[in-house]
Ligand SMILES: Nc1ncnc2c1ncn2[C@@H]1O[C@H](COP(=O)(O)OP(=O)(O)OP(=O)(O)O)[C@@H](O)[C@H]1O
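Here's a solo chain for you in structure tokens, the form predicted on its own.
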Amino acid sequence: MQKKIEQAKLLLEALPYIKKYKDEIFVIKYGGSAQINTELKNRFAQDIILLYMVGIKPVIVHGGGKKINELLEKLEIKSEFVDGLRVTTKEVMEVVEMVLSGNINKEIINLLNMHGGTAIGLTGKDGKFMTASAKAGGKYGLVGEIETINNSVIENLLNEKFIPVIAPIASGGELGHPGYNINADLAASKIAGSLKARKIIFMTDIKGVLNKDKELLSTLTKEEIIAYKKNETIHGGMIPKVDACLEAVEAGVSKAHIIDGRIEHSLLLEIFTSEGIGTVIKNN
């Protein structure tokens, strides 16, 4: 009986958040172990369907670097990284699109549909949803910077009760252009800002942003981030993550979250509990 009472308490704790977030858009950047581990994949799908069922409007943006690397190796196509970005030739771009929009995107859609949702996949090429231009004047090949986002494409899907699942590939905006490879974190940030989403949530393989004693920083502001970058508390791969968070909140997103996707039901724990489990970045 005590276990059932505890379960009821958990539901009651979630109730104010369910009321608060009904009809709100949440953009979720799906990556890391949660996108690879079979058990975590199913937990992720369950979390998304629960959000969907209580009236939240999830929009999923995914990456797929590991699978892209695997296929490039199988095909013996060389790929190099400069400044942490994959230099994307036309040959590499074909593989990127094949993996992201053909393999991973369809796997996520099928997973969500099998758990009771109605998911639909797209890239920036669909419906002229997202256009881009070459980053740094083409220094990284077909790596792009987003120029335009057509919100009506996503809004129409949400209005029809679909769960959009977005592969971060943008249109080049001209006939015959192979398209652009977009960093998934930055794509999620731009999409969230454009849609004025209530939240953007980045699923990662770490607890969140940590201090120098490896303790979780539960909340951060822009000024704190600047200071932590300066003293190298925030460094390496965490820098683009927090930058994407800042870009989103400065574009009108209420809060950005960095959470550990290795924890089962991490999305629910972050959204529907008072303490949460990750780092929240918000405007001052």
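Heads up, when I say rigid core I mean the largest set of C-alphas that superpose within 1.5 Å between the two forms. A residue's number is simply how far along the shown sequence it sits, counting from 1. These figures come from a predicted structure and were not determined experimentally.
In what follows, reference is made to the form predicted in complex with the named molecule, a form of this protein that is not presented.
Of the candidate stretches 208-216, 148-156, 187-195, 90-98, only 208-216 has residues with heavy atoms within 4.5 Å of the named molecule in the predicted bound form.
Although the partner is absent from this view, residue 204 contacts the named molecule in the predicted bound form, with a non-hydrogen atom inside 4.5 angstroms. Interface residue remark: residue 58 is not counted as part of the site for the named molecule in the predicted bound form, having no heavy atom within 4.5 Å. Within this chain, residue 252 is remote from the site of the named molecule in the predicted bound form, having no heavy atom within 4.5 Å. Using a 4.5 angstroms limit between non-hydrogen atoms, residue 49 is distant from the named molecule in the predicted bound form. Site annotation in the predicted bound form: the residue of 238, 246, 45, 225 reaching within 4.5 Å of the named molecule with a heavy atom is 238. If you take 147-171 and check each residue for a heavy atom within 4.5 Å of the named molecule in the predicted bound form, you get nothing at all. The Cα position of residue 197 differs by less than 2 Å between this form and the one not shown after fitting on the rigid core. Positional change of residue 161 between this form and the one not shown stays under 2 Å at the C-alpha, relative to the superposed core.
Residue 83 is among the residues whose C-alpha shifts by 2 Å or more between this form and the one not shown once the rigid core is aligned.
If you compare C-alpha positions, residue 264 and residue 33 are 3 angstroms or more farther apart in the predicted bound form than in the form on display.
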